[in-house]
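Laid out below as structure tokens are two forms of one and the same protein chain, each shown alone and named structure 1 and structure 2.
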Structure 1
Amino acid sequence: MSNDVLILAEHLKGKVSDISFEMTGKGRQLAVAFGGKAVAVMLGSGAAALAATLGADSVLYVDDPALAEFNPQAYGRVLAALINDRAPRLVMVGNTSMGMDLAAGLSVTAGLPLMAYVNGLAAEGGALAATSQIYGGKIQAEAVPDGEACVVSCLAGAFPADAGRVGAGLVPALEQIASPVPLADLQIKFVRMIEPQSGDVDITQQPILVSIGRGIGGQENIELAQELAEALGTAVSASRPVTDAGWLPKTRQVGKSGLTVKPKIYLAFGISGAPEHLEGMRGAETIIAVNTDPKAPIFDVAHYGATCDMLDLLPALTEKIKA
């Protein structure tokens, strides 16, 4: 085993995802504690320029036409081969749409423990401790791998991104290689990207948002939120269950698989505050949460809160705004 930290960088549509920089910064810090190097790995086709933005000790760029778009099987094979070859101390993968296809599978194929949903990593006397955020953000679990090597999947936003960008004084060595494993016989084929629908109001452009969650109870209550939004001259946004149920269009979804919003005021009504939702709204200037559960995690990020029933509050607030 080496003392290196292997970091999987992600890119989508020609842009390196922030999670890549976040993990690279943290990975460099950990590599120093382990006495090894932080090696960022990027897979792509003709994407060397993207790889060069990663502020690791060295960057390994794997180039193959089959890696032009994310493909879980191709990525999984290449990473398994690299892990096998280099035996890193720590493998860092994002707990993102891409990383969620990879980390747990790699844990099995490489025979390494996985600690998932990680938002804290520390090296204590050279030993790693990882803190996972589980049970919808209600519980933190600090764990240590039983052996020395392990995989962690890191939550977006857990570590500062700037620490992982190339900057003054750090010019990482960029090594480009061909895929170490054949990728011609994949069962998974990328077909196309499907762009989000357009034409709806853009919730990222609203100074105030009326955002509703499962606490709205049912489709018949949506109009209560719509009336408030209308009085405020804005739109209703929502958590995932509301758009999954078809009560509002997908374009209104805030969070990990939805949009990231930063309004001046974000009204979060009947939203529990799951990590995947927080990912999309924690940057709002002022967050006001209303939830009947006083222990809901949303109150930990909100600036103001109340525990009344949103179905009573919505019409009362609409009245006050109209008055």
Structure 2
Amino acid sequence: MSNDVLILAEHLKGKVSDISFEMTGKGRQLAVAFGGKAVAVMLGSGAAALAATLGADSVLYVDDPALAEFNPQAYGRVLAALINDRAPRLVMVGNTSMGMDLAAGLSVTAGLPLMAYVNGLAAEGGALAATSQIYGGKIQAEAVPDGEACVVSCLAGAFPADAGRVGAGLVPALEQIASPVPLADLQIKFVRMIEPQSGDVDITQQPILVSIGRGIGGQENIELAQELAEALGTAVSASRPVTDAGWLPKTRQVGKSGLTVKPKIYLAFGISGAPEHLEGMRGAETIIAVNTDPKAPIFDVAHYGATCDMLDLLPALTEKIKA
């Protein structure tokens, strides 16, 4: 076994995802502690330029037409072969739709323990310790792997992205190889990517968002949030429970299964702060949260917070804004 850290970099539509840079930066830090190197792995076709943006010690780019778009069977085969060949100390994947497709299978195939929903990683005395955010973020669980090597799936926003970008004199070695395993007999084929239809408002372009969660109580109370949004000249967004209930369209949903937003101000009313939601709004410049539960995970990322009743606060805020 080597002391290297292997990081799977995600990309979509010609852009490397932020979580790839986040894991790369953290991977470099851990690799120093282990006495190894951080090796970013990118799978694709004609994407060498994207691979060169990753600030790892070295970047392994696997080029094959079958890897042009994400295919869990193809990606799983290639990654399993790389893990078997390079025997890394740690394998890092995102706790994303892609990572969740791959992590459990890699754990079984490679015979390595898996720690999921990770938002903290530390290496002390050469030993790895992970912190996982579970039960909708209400519990922080600390764990160490059974053995030295393991797979971890990391939550988006857990680590700073800038630490994993090329810069500060770092010029990683780029190694391009063909697929180490055959990919001509795949049973899963990529056909096309279906994107959701655009809604009446593009919440990703709003400088301010009034976002509501389960704490709104019922559809009849959404009008209170809409009145505040109108006073601010913006739109209402929501967490998944609100859109699942049909109170707002899916195009207003923020989170892992919705949209990622980065407004200047994110007003979160009645949102608990589950990891899936935090993934979609953690990048906001200023987060203001209102929740009657003082232990709600949303307060862990909020810059300002209040525990008053949102149904009392919303009309009061609207009145002040209009005045």
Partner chain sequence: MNIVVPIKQIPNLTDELEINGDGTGLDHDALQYVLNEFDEHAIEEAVLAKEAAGGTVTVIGVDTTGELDGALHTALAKGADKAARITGDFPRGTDSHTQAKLLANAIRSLSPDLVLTGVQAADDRDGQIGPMIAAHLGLPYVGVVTGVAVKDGKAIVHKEYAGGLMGEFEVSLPMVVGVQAAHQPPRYAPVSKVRQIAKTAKIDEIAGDEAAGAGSTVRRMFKPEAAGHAEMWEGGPEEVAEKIAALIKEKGLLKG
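Counting starts at 1 with the first residue of structure 1 and goes up one by one along its sequence. Since the structure is predicted, the reported quantities are computational estimates derived from the model, not experimental observations. Rigid core: the largest C-alpha set superposing within 1.5 Å between the two forms.
Asks: I want to make sure I have the labels right. Is the form predicted in complex with its partner chain structure 1, or is it structure 2?
Replies: Pick structure 1 here.
Asks: Using a rigid core alignment, state whether the CA of Pro65 is displaced by 2 Å or more between the two structures.
Replies: No; Pro65 is a residue whose C-alpha shifts by less than 2 Å between the two structures when the cores are overlaid.
Asks: With both forms fitted on the core, check whether the Cα of Ala40 differs by 2 Å or more between the two structures.
Replies: Ala40 C-alpha, core-superposed: shift of less than 2 Å.
Asks: Superposing on the rigid core, is the CA of Met92 displaced by 2 Å or more between the two structures?
Replies: Met92: C-alpha displaced by less than 2 Å between the two structures.
Asks: Fitting the two forms on their rigid core, what distance in Å separates the Cα positions of Pro315 between the two structures?
Replies: Displacement of the alpha carbon, after core fit: 8.3 Å.
Asks: In Å, how far apart are the CA positions of Val242 between the two structures with the rigid core superposed?
Replies: Its C-alpha position differs by 3.2 Å.
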